[in-house]
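Heads up, the chain below is alone and in the form predicted alone; it's given as structure tokens.
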């Protein structure tokens, strides 16, 4: 494990054991997050982004189970820890911001109490008064006006943007090494979304916190991420720097996602938006070859029969037969 690496995920497989069969929701993904880095996990709904976060947090819902792989946090394999040991990790070393703050916050407790809760659990050295002051400091850090007054208010008394800031305050309470953000701006309007993203960038600069940003919004990715991992059907099909992914996408799925973004051309919006044909595959079934092949504009016969291997491409990885030395590139282009 490289000394600058905070999190290393190796060959992670998370499956759901259903009556109809085994659903391979995450099927052998690997990636790293460096200290102080922001990695974006991008893909369509159902590709495994949020389940990757749940696997890291040790919160995979039943009947799901991590069946293989390693999740190394500073060299420690989280999959080898007991539930009691993981409770010490969650909230202190790794924290998570959920997509919908109104369901993540408890409506019957004040926001101050909820921010204090992880502090009282993980920071036994703090008195109740010190934990309260720390909670108010966090509200102030996140630019919530009148933080001492807000400390005593309930979630329903705050706007959506303020509730999301409260969730960030809870996540940052114990100075975590890694912050996982599961589409934290999806339910917010564009103005508040921009404010939340600016806050996350500021926190990253001030505290040196590593971030995993889970999103399908490519605008968010371009603004906040250092590196991007593109997920499709439980696999990572491309990983590279944000600059490379946006300016020279290698995988056909990445290219299709970027083509799906609305563009203004010479002051006018496109008349017709590009859409990726077909549907995501049913992961309960056994598939041969590339899972994206039925929807791919570049697919050849061999793409349907042979699973693509990962190839190194200019500082990143891509899983596509077009980059295999065994394939005649002239036939594929």
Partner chain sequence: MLKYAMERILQSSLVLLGVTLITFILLNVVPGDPVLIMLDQRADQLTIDRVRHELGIDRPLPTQYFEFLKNAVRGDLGTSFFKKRPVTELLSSAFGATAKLGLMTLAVSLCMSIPMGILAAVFRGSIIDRAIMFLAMLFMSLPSLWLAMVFQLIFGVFLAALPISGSETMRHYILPVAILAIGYAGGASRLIRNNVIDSLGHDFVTTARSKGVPEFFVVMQHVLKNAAIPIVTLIGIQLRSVLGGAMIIETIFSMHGLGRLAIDAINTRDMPLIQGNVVYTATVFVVINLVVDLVYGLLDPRVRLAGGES
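Numbering follows the first chain given and starts at 1. This structure is a prediction, so every number in the text was calculated from the model and none was measured.
The same protein also exists as the form predicted in complex with its partner chain; that form is not shown, yet it is the one meant from here on.
In the predicted complex, residue 299 touching its partner chain (heavy atom, 4.5 Å): Contact with its partner chain, no.
Residue 128: touches its partner chain in the predicted complex, heavy atom cutoff 4.5 angstroms: Residue-level check for residue 128: no, no contact with its partner chain.
Heavy atom of residue 118 within 4.5 Å of its partner chain in the predicted complex: Yes, residue 118 lies within 4.5 Å of its partner chain in the predicted complex.
In the predicted complex, residue 145 touching its partner chain (heavy atom, 4.5 Å): Judged by the heavy-atom cut-off of 4.5 Å, residue 145 is well away from its partner chain in the predicted complex.
Proximity to its partner chain in the predicted complex (heavy atom, within 4.5 Å), stretch among 239 to 247, 95 to 103, 223 to 231, 137 to 145: Partner-contacting stretch among the options: 95 to 103.
In the predicted complex, the one of 157, 149, 260, 74 near its partner chain [non-hydrogen atom within 4.5 angstroms]: Filtering the options by heavy-atom distance leaves 157.
Listed residue (306, 59, 67, 284) with a non-hydrogen atom within 4.5 angstroms of its partner chain in the predicted complex: Going through each option in turn, the one that passes is 59.
Check all three, 87, 109 and 122, heavy atom within 4.5 Å of its partner chain in the predicted complex: Affirmative, all three are within 4.5 Å.
Residues in 202 to 238 close to its partner chain in the predicted complex, defined by a heavy atom within 4.5 Å, in order: Result: empty, none.
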